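Take a look at this single chain in structure tokens; it is the form predicted on its own.
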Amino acid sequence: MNDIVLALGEALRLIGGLDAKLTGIVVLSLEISLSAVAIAAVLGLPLGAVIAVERFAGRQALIVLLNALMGLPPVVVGLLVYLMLSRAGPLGPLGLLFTPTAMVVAQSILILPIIAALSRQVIEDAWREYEEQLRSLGARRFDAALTLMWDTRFSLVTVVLAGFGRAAAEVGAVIIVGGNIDGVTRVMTTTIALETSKGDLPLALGLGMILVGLVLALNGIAHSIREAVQRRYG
């Protein structure tokens, strides 16, 4: 018990003193996760909007696929990206394996279905409510999709935040494609796993506290947005 208390105190000291190693890991983690979320949002939000308002053959199958991919095992994504980026893979000559870029690719693939599926549901609900009004105004489906994306922008922000939370907490895929290289591809989740296995609890606890704080902050922001939307639109 004393060892745990001492480790906790050392962890707080690392956080309070802005330890260089800890800070570097946190910054790299945020850079990778934010990049992945940006890519997934640029692709996923329009995809979700199109699926919400368009009617085409195979639409239901695509919705089922997106919903299924929300639970895609991270290690499977990591393995697939590893095979694509390895020397024997089609993208091997790019030399991206065991780099932050590879980790961004893996996280983007993981959270793209989440953002696309959740945004599709949000926009489809709005489409059911405003379809008749938009049609009466002569809006084409593409214009309607853009209008609904803007109208549901606050809800879509919470969708993106959910994607970021998933990316920030991910460990399986990034450790496979990143290699957990010290000072290069070591992020919060992989460092926590490594340092815990080594028995170096202070750094693991410090990063764990920061990660939990980040998740709580994201949930707080999402809750505040939902409350603001409810007050504004009833």
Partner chain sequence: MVGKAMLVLFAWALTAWPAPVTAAERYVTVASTTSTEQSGLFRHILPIFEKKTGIRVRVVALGTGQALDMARRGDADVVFVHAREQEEKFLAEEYGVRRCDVMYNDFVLVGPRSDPARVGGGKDIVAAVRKIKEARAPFVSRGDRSGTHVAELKLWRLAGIEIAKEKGRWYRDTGQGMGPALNTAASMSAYILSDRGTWLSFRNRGELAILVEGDKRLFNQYGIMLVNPQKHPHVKREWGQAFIDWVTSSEGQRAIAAYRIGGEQLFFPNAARGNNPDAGSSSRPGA
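Positions refer to the first chain, counted from 1. Fair warning: this is a prediction, and the values are worked out from it, not measured in the lab. So that the term is clear: the rigid core is the largest set of C-alpha atoms that superpose within 1.5 Å between two forms.
Here the subject shifts to the form predicted together with the partner chain, a form of this protein not shown in this document.
Not displayed here, the partner chain is approached by Val157 to within 4.5 Å at the level of heavy atoms in the predicted bound form. Among residues of the shown chain, Ile225 is one whose heavy atoms approach the partner chain to within 4.5 Å in the predicted bound form.
At the 4.5 Å threshold, heavy atoms of Pro100 reach the partner chain in the predicted bound form. Of the heavy atoms in Leu201, some are within 4.5 Å of the partner chain in the predicted bound form. Shown without its partner, this chain lists Leu34, Ala169, Leu69, Leu62 as candidates; in the predicted bound form, only Leu34 has a non-hydrogen atom within 4.5 angstroms of the partner chain.
Every residue of the trio Ile39, Leu194 and Val229 has some heavy atom no more than 4.5 Å from the partner chain in the predicted bound form. Taking the partner chain as it sits in the predicted bound form, the stretch 203-220 never comes within 4.5 angstroms of it through any non-hydrogen atom.
Annotation: Cα of Ile225 displaced by at least 2 Å between this form and the one not shown, core superposition. Comparing the forms between this form and the one not shown on their rigid core, the Cα displacement of Leu214 reaches 2 Å or more. Relative to this form, in the predicted bound form the C-alpha atoms of Ile225 and Glu124 separate from one another by 3 angstroms or more.
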